[in-house]
Each structure stands twice: as C-alpha cells, then as structure tokens.
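Next up is one chain by itself, shown in structure tokens, the form predicted alone.
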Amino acid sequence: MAGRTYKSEAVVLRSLRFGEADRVLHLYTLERGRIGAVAKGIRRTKSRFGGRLEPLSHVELVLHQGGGELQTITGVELIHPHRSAREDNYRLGVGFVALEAMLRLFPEQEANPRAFEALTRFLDLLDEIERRPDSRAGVDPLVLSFQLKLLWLAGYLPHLTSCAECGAQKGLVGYSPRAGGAVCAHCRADSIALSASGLAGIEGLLRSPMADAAGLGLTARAGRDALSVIASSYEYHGGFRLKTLSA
C-alpha cells in the first residue's frame, strides 16, 4: 500500500538519537496532534535539515506516512526557531517543563487545534520572559498558566469556586484531585493544603491570558500551591509525574 505525503505545522517536543546519523522526533502537529517521525541524516555535518529541528522549534514539515509507526520528514521550513529561549538556561528550563507536559497530556495522534495554538503562543511568550528573583523554572507564572490551560483543554479543569465535595463556598483549605477541585475543612481528607493566596493565584491564572501571567503578582506560596495542584492532577488523572519538575 502506497504511503501519503502531507504538510503540517509542528513543534518539536523531543529529539532522540537513532542509529548512526538519524534522530527520532516527538512532534505536536496542527494536522494530526502528537506524532513520531524520523529525520534521516540530521546528525551529519551537511544535513539539509541543519539546526531547524531542535526542541522548541516551530516549523512547517513535509511528512511521509508509510506503513510503519514512525513517519519520515522529507522537508522542513522554519517558522520560528525560538533561539533566544534555547540560549538562556532559565527560559530553556521553563520550556522543557511545557514540552514534557504537552507530551504527557496529549499522547494521541488526534488533532487539537486549541492545544496547538496554546503551545505556539506559549513559545512566543517564552522568548521574552525574565527570571524573577529566587524563582525556579517550575513555578514561573508563564509555565504554570500554560499547564493549567492544558489541563482545561484535556478535560481536567480544577473546580475552585466552591467545595468539590459538599458545595460550600467559604473556608476552602485544600485541593482534592479525586474530587477535581478545592475542598473545605470538613471535606479535606486526602487533599493537599491550599492557601488563600494559592487559591486566588490559581483562579487568576485560569482567568487571565498567558501574556498576563507575570503581572498577576503571584506570591512564592501561590506559585508552590499552583504547582502542587498541577502535579497532583497529573498523577491522579494521568498516572505520571513530570521529570522536568524533579530535576
């Protein structure tokens, strides 16, 4: 059976060595969602792909779908290299958290234009962020905002306006991934602690565009609480933890 060749925008999520000169790329495409593809000869000095297929790169690809699991990249045009993000250790760390979240939350070969748009918007903003004093990549407001929006797009939006167990609208003190939201003091069994500033911060991140995340004035505690909610949601709903958050 003959294969099919098609074009699609894509973001490079991960790049792995394969054989003597090739690489296997994990891509998130506008056309088909998450796919795996081989870039043949990319590690050779005179490769026609050059440095255009590095993680974080936003590209337009020509892909050939054959009979195997991996597709083959036959052409690439660079849309945005995001070089400034790759050349700054802090931005790169923030970017790697986002790429891994995309890999784990959207593992299927199924188009999701809104997720793709969120990813490319995140990368555009990543080029411009500045490191906050005493900040770690995992609690940067931009990547917290991005991950909360991914949870929403994946169907795991945290419910924060009332207790997810009894409906109480006051006295929310924890977050229960099993219940899918904040819980009050009477229902806090098996929940993680959630401060008032953390609750307000997460609500702000969910309501605001990613571009406004840095201006929300998140406290250090609010950032840690948001990260705890995100990480517990990953573990409960997806059964995974992000390695980039443990580094």
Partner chain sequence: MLSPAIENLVAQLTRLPGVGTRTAHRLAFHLLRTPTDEALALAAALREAKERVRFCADCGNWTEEEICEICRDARRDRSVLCVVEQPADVMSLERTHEYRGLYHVLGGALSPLDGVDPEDLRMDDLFRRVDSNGIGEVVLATNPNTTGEATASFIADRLRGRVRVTRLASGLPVGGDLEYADEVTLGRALSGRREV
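Since we're looking at a predicted model, the values are computed, not measured. Residue numbers count along the first chain shown, from 1.
Not on display, but discussed next: the form predicted together with the partner chain.
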The partner chain in the model of the complex has a heavy atom of only one listed residue within 4.5 Å, and of G51, G217, P209, G67 that residue is G51
The partner chain in the model of the complex has a heavy atom of only one listed residue within 4.5 Å, and of G36, G180, G41, P55 that residue is P55
* Does F106 reach the partner chain in the model of the complex, with heavy atoms at most 4.5 Å apart? -> no
Does F116 reach the partner chain in the model of the complex if we count a contact as any heavy atom within 4.5 Å?
no
* Spell out, yes or no, whether the shortest heavy atom distance between R4 and the partner chain in the model of the complex is within 4.5 Å. => no
Worksheet item: Though only this chain appears here, would N89 touch the partner chain in the model of the complex if you measure heavy atom gaps against 4.5 Å?
Response: yes
Only one of 78 to 86, 149 to 157, 121 to 129, 135 to 143 has residues with a heavy atom within 4.5 Å of the partner chain in the model of the complex, and that stretch is 78 to 86
